[in-house]
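Next up: just one chain, as structure tokens, the form predicted on its own.
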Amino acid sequence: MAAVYDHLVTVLTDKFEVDAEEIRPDMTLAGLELDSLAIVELYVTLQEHWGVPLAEDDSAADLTVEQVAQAVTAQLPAGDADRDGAPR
């Protein structure tokens, strides 16, 4: 899950301009000041990068960064979550 979490942090900082110091596993997406459109865009970005389906109804503002990383990790084939952040 570390690779997924690290990639998620990179997306949040690069694409959504969230200050890296604000990102913690227990921080919610709303706490990072992502609105509903940004959250959907985040999920689409993660789906495209990892090649996994993520349910839109799971893209809630009250999810933590760790929960989002866990949702992606749960969809990956065994072993993929431990790679360097690049899909196969």
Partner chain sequence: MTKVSPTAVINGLGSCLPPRVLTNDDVRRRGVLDTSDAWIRSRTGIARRRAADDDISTGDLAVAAGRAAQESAAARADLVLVATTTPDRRCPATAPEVADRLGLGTVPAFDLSAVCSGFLYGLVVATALIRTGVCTRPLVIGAETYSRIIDPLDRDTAVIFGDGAGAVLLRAGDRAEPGALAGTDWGADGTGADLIAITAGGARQPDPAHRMSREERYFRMRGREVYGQAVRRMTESSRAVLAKAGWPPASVGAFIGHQANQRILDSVADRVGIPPRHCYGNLHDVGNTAAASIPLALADTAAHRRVRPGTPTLLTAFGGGLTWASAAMTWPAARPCDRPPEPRATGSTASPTARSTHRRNPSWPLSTTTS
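Numbering follows the first chain given and starts at 1. On a predicted model such as this, the values are computed, not experimentally measured, just so you know.
Although it is not shown, the form predicted in complex with the partner chain is what the next lines describe.
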Decide if the three candidate residues Asp19, Glu21 and Leu32 all line the partner chain in the predicted complex, where lining means a heavy atom within 4.5 Å. no
Heavy atom to heavy atom, is Met27 within 4.5 Å of the partner chain in the predicted complex? no
Pick out the residues of 15 to 53 whose heavy atoms come within 4.5 Å of the partner chain in the predicted complex. Lys15, Asp35, Ser36, Leu37, Ala38, Val40, Glu41, Val44, Thr45, Gln47, Glu48
